[in-house]
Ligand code: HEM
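Before any questions on binding or motion, here is one chain by itself as structure tokens, the form predicted alone.
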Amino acid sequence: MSSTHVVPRAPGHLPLLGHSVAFLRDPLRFLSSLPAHGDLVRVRLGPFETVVVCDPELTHQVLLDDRTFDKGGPTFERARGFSGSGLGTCPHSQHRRKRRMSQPAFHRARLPDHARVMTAQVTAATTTWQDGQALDIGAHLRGLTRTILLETMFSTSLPTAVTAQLDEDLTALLAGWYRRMFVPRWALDLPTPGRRRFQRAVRRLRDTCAALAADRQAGTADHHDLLTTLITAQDGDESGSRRRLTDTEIIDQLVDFMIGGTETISAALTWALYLLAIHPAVQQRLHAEADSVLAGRPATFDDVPNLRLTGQIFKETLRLHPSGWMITRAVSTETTLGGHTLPAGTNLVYSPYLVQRASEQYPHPDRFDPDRWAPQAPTPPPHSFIPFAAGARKCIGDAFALTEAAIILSTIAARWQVSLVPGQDVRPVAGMTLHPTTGMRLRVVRRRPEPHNGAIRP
């Protein structure tokens, strides 16, 4: 690699295996060790030589220049093999058009309508909880966020058997996607049982999205949702002609939003409830806020601005446990970054997990402290908080996700207290998303607040 200064290689490189052993044994610990070796560090993961960007300001530079640092590298190359080229995975050359055609579905004016669905669904979901019940909270939240996505973005619901299969397929897809990052290209098509399960999951998921699109195109009802937006959107080209998305492009987009709108937000919400369970003093403050603002009722869109602590708790959760913890890019043309010349084709990795736990950005970075985000607290540099990325490729659904989180967390807090079921070893599981140990159980206990001076007191 030609460079103004040679990008240092991380220690522990093994013949043939590179750094794969250390990375796969404990990905987060391995990543956290890299900044000690430079702002840019070379590592080899499976068949891929890559440069990890460890410095927050350089990471911000990468995110703002999405033409030079394009969506690419192992994550997105392997994703396009099964999910196509949706908004989250497509290269720069396609992104602006697809973003324009999807944007109306995420306009802030639509949030109040979306919030009504969120309120109704979290109320219905938590009504089934039993006092003292131990819940697989991750599974419950995946089901809740999936239902919200289907109703808000697709204006539909699916039979129980179909939604169960959908959940299974999404889980298999994400697990297979992560494993395929470390497999040589020649091995991707080997007829292994794992590959067959992966391909079946991909096929069923795309078939589900195709059926949703076909039903909408055959109907006459006027829905103001993402699916209708994608089907009816037109975009002009330089000749002045108007183009629509093809059927394949629509399916690609639906797969993309299905993953982003269920797996990432449910993982973050699961972490938030876990952190509340192990920090009872913060949970008590959250109960007090919910009692003051909601007085025992479910949260609505109009409540969100007043749920300040709720927002701080979720923001701190995203800082500690960003769903997209490690993301790849590809250098499209030779460029300089941090004093190093990177040839075209260089694979880059940036990590919100690394950036958001940098001690120079956050005192006591591993501590759960929602008061970091209080109005009177010092404001961290903007490039130090990137759970939704930044620049032109910033997540299109960030406002949707923050509204959904505030409504779900505060509605739960108004009626339930959560605690960790003893005997569990809860750890971060670093796959395509960063989520707690699968099957983690929280115990929910019904709160019985009493009226006090027109408000509610626990």
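A residue's number is simply how far along the shown sequence it sits, counting from 1. The structure presented is a predicted model; accordingly, all values stated were derived computationally and were not measured.
Missing here is the form predicted in complex with this ligand; even so, the following discussion is about that form.
*Asks:* Identify, from the list 271, 388, 362, 177, the residue with a heavy atom within 4.5 Å of this ligand in the model of the complex.
*Replies:* After the contact test, the surviving option is 388.
*Asks:* Using a 4.5 Å cut on heavy atoms, which of 138, 88, 311, 298 is close to this ligand in the model of the complex?
*Replies:* So the residue touching this ligand in the model of the complex, by this definition, is 88.
*Asks:* With the partner absent here, would 76, 264 and 318 each sit within 4.5 Å of this ligand in the model of the complex, counting heavy atoms only?
*Replies:* Heavy-atom distance to this ligand in the model of the complex: all three under 4.5 Å.
*Asks:* In the model of the complex, does residue 401 come within 4.5 Å of this ligand, counting heavy atoms only?
*Replies:* Yes, residue 401 lies within 4.5 Å of this ligand in the model of the complex.
*Asks:* Even though this ligand is not shown here, does residue 323 get within 4.5 Å of it in the model of the complex, heavy atoms only?
*Replies:* Output for residue 323 is yes: heavy atoms within 4.5 Å of this ligand.
*Asks:* Can you check whether residue 396 is within 4.5 Å of this ligand in the model of the complex, heavy atom basis?
*Replies:* The answer is yes: residue 396 has a heavy atom within 4.5 Å of this ligand.
*Asks:* Taking the shortest heavy atom distance, is residue 327 within 4.5 Å of this ligand in the model of the complex?
*Replies:* Contact check for residue 327: yes, within 4.5 Å of this ligand in the model of the complex.
*Asks:* Could you tell me which stretch in 92-100, 330-338, 203-211, 369-377 has residues with non-hydrogen atoms within 4.5 Å of this ligand in the model of the complex?
*Replies:* Only one stretch qualifies here: 92-100.
*Asks:* So which bits of 341-356 sit within 4.5 Å of this ligand in the model of the complex, heavy atoms only?
*Replies:* Stretch hits: a single one, 350.
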